[in-house]
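The chain below stands alone and is given in structure tokens; this is the form predicted alone.
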């Protein structure tokens, strides 16, 4: 039986407000959408849910607002079996929200209002130190203050804990602060924004990954959507192809990749297989609408993996 990994997510918790429309409005224009969906999201929360559904023991370190969304977000974690001991409400601050607009092809445009996520501080990491030290892996993103991200990376390094950083949404960063990071996992646009190298194809991704590795990061995985992923390290690079799926909503696919990859790697699977499985898990998530609601549980995923792995 596979090892049951313990994964800590230090990151964001939002409420997603998703609108499906045949087109996007022009400036000053009002149009009718086709559907609306309200669900729990935030990159950190999504990654935690993906890891939990894949079979990991997961605990979350996050901040939510004192509005009506805050208690609901905490209850959502608890109902999914995620330890929410260190998910706390911040007085006088709204919860994070993410209005999402999805076109008929499944592509999305997202505006994130961070709210209480901006209140997650290094002191909150210290407050959760005991439970963080029990983790096999700590997962981070950029929807919380960079100061807290850097502090948590250092905490992981000092305690010998594997650390995965998803630099999303992309923003300028202190590359020295993420040196010696175990895994740096951007998508194409994030990799381009951080490295300055346009990523239009696999060759571009390779050049981008090489620059990131040269900065001191140990392993880079650039997720390429329908083109799969590029896995890069000191020994070379490997393109891991995607699986064919009928995508209806790509929202949360990157988070599905991160959470599932952390779990598969924590179970002791070889790195290339962990990436390949995460490619499938992320692809399957695009076949449903929304973020967390579109993620497969482990039993359902294992059936798809057995059918598709070749």
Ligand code: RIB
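Remember, it's a predicted structure, so these values are computed and weren't measured experimentally. Numbering follows the first chain given and starts at 1.
Only in words, not in the display: the form predicted in complex with the named molecule, which the text now covers.
Residues with any non-hydrogen atom within 4.5 angstroms of the named molecule in the model of the complex fall in just one of 232-240, 94-102, 202-210, 155-163: 94-102. Checking 74, 173, 131, 112 against the named molecule in the model of the complex, a heavy atom within 4.5 Å turns up for just one residue: 112. Under a 4.5 angstroms non-hydrogen atom cutoff, the named molecule in the model of the complex has residue 42 among its neighbouring residues. The named molecule in the model of the complex is approached by residue 251, whose closest heavy atom lies within 4.5 angstroms of it. The shortest heavy atom separation between residue 285 and the named molecule in the model of the complex exceeds 4.5 Å.
With a 4.5 Å cutoff on heavy atoms, residue 263 does not count as touching the named molecule in the model of the complex; it lies far away.
Residue 291 is the only member of 290-307 with a non-hydrogen atom no more than 4.5 angstroms from the named molecule in the model of the complex.
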